[in-house]
Structure formats: C-alpha cells, structure tokens
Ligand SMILES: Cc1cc2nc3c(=O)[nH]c(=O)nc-3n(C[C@H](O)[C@H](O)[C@H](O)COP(=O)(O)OP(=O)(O)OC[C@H]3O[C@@H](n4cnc5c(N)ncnc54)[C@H](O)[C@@H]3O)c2cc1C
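For reference, the chain that follows is the form predicted on its own, supplied as structure tokens.
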C-alpha cells in the first residue's frame, strides 16, 4: 500500500486532540480505526491527497452499553465484538444485524469497526444497511459540540456523509424495537471477500392478528450512490397480512424503488430481479423468526 503524500501519523488520546489534528491538517487528514477501508480507497487512487493519518483507537470509544432500552455501540467497537453480543444472538429484532455480521471474513470482523463502516458512506457495505433497518442514530462530536444524526439521511452520496468538517463518529445508538419485531438480511456476492452486488435488509413488526404494523426495507450494493429505502415496497406491505401474497406484491413493487447500475458484475435488470427475490426471502425469514 502506498500513500504518496503521507507525512504524519498521529494517535491522539482524547477526542478534543483528534478534532484539533483534523482541523490542523484540513483536507489532508484521514481518520482511521480498524483501517480496513484504507486499502480499498488507496488502490482506487482516492487517497493521493492524504498527508496525515489520525488513529482514533486510543480515544476510549469502544464497547457496547445500554442507556435505558437504547443500545449504544461505541465507534471503535469491532464487528466481531458486536457479533458476539448477547442481544444480537438472542433477539429476533436484531436478526438483520446478526445476518449482516456473518458476511465479512474473520480478518475484517476482528479489525473493522462499527464507526468505520458507517463513516465510509459506501452502500456496498453490509452493516449500515442493517442499522438503517433498525432506525439507528449516529452520535458525533466536533468543533461545534455533539450531535445526533438519524442514519436515515446521513448518507449524502458515494463516500459522502452528513459529517461536518472536523467531526468524528463516537457511537451508533439503536432505539428499542417494538414488540413482535424481527429482521433479516441477505447479500449477493461473488465470493466471501466481495462487496455486495445487491443486498436487502428487512424489518417487520406484526400486530396480534399477524398484520404488518410497521416495516422498513433497505437496499444496498449496486443500487446507486447511497443506500435506498424501498418506500414503494414498504407501502405495499403496510397493514397487510404477513403472508406470501403480500410479500410477492412487495417484491414486484421494489423494482420501482431504485435505479440500479450496470457493471461487470451484473446488469441493472439482474439487480432488479435479485432485489425482488431477496426481499421475499428476507421477509419470509423475519416472519419465521417471529414464530
């Protein structure tokens, strides 16, 4: 790996020090934690302007905590640590997150971080799609203080987010899911190390009669420059009985929710087809997880 203009490497001990370093180096600064995203950017020639790497691993931002019923994932918490958390393995509402965490290979799970997966703003990544389905909120700190930003609306474009200059992610908060909620995630890939060609995260909440009281569907992969909320598919499901007929209607509606790309890994038509297939499968899995 070569960063042709790299001059400095810093390991600040506090968030304030990290923010000051980002301000000092300006557009030449790059924050890193697990560092798993650096190589992918470097080989694409996107880091030629980086003059300083700022390692935030010493800021004490790791760990998983609860604030009442809200679960907070510290920014530098590894994917492996989240996958091992009891709530992820036990509760159906976190099924999409559990599924998404099975895709990265062990090397990535052991080094990659929750904050880094979100900060990357790359719709090819798996974990943010599941977090979007859960209605997660990004917590940040920066020169103007702390903020909470809903993950809906956080991604502005490919590698572009709502983070302000000098701002860094401190954690991701997941609000308590409603009762009778379950999720599921599926990803189409060419091999175990591949980024998503198409991915689907579905979150279902059922009422006592088995009707769909709430639903969130998120598409990732080659579906555009950001993740996509499949609002047409969601509308087709709202208030319906959670049966195969409703799921088939949603699978048909989802084709109008996004404009997929055509590239060497698949055509737009193929991605539309797979999105419908995977939507049906994730909805079925979520329903099964509710028993």
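Owing to the predicted nature of the structure, the values given are computational and were not obtained by experimental measurement. Residue numbers count along the first chain shown, from 1.
This protein has a second form, the form predicted in complex with the named molecule, left out of what is shown; the following refers to that one.
The stretch that touches the named molecule in the predicted complex, counting heavy atoms within 4.5 Å, is 168 to 176, out of 168 to 176, 208 to 216, 143 to 151, 81 to 89. Of the residues 223, 56, 237, 230, just one reaches the named molecule in the predicted complex with a heavy atom at 4.5 Å or closer; this is 56. Proximity to the named molecule in the predicted complex, defined as a heavy atom within 4.5 Å, holds among 130, 75, 198, 204 only for 75. When contacts are judged by a 4.5 Å heavy atom cut-off, residue 120 counts as touching the named molecule in the predicted complex. Contact between residue 255 and the named molecule in the predicted complex is not found at the 4.5 Å heavy atom cutoff. Taking the partner from the other structure, the named molecule in the predicted complex has a heavy atom within 4.5 Å of a heavy atom of residue 33. Although the partner is absent from this view, residue 113 contacts the named molecule in the predicted complex, with a non-hydrogen atom inside 4.5 angstroms.
Residues 37, 125 and 163 are all found to lie within 4.5 Å of the named molecule in the predicted complex, as judged by heavy atom distances.
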